[in-house]
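In structure tokens, the next block holds one chain alone, the form predicted alone.
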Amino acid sequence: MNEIQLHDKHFEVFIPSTDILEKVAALAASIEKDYQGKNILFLSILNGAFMFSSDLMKAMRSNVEISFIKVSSYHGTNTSGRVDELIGLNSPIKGRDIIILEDIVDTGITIDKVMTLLKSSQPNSIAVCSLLYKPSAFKGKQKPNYVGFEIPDDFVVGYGLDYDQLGRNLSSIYQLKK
């Protein structure tokens, strides 16, 4: 599918699924090189990062653990400007090497909030791995340490990202048609 319609909006393919999987494998290799011999705890930000997290876990050759936190800062196609913590972290992280997995970092609001929450639990280290990064929209403090694709400040869906809860199941990433 080169074009799709979700609700009232039309989208076109932006990043094909084959390119995504290649990039995920490269990110896994980079993380394994940097964290060789360490016990990594991936912290996946739900809902959007579930597909990315799953594929990244499958691409890892070393033993890693994963836990989940759910936060929200989007309504429709616009960020709300605030982060609501909906589900907390259930794994102890003191002294652990944490890698936050995010589907997309745009303004940086979500990552800054999660970093603040995690630092109080005294992890050994915290890094951020995001499949997508919008440098032109970024206003936060913590840029991602690992980035799959830098993209313009356009609205995208697919591969876990949604438009009013639709489109998460798509294997490619689509951008709003202009």
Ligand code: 5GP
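Numbering starts at 1 and follows the sequence shown. Bear in mind the structure is a predicted one, so any value in this text is a computation, not a measurement.
One more form of this protein should be noted, the form predicted in complex with guanosine-5'-monophosphate, which is absent from this view; the next part is about it.
Here is the short version: of 70, 38, 134, 143, the single residue with a heavy atom within 4.5 Å of guanosine-5'-monophosphate in the predicted complex is 134. 109 is the sole member of 60, 109, 127, 115 with a non-hydrogen atom lying within 4.5 angstroms of guanosine-5'-monophosphate in the predicted complex. The stretch among 51-59, 115-123, 148-156, 28-36 whose residues place heavy atoms within 4.5 Å of guanosine-5'-monophosphate in the predicted complex is 148-156. Of the heavy atoms in residue 162, some are within 4.5 Å of guanosine-5'-monophosphate in the predicted complex.
Not displayed here, guanosine-5'-monophosphate is kept clear of residue 100 by more than 4.5 Å at the level of heavy atoms in the predicted complex. Contacts with guanosine-5'-monophosphate in the predicted complex, taken as any heavy atom within 4.5 Å, map to no residue of 5-32.
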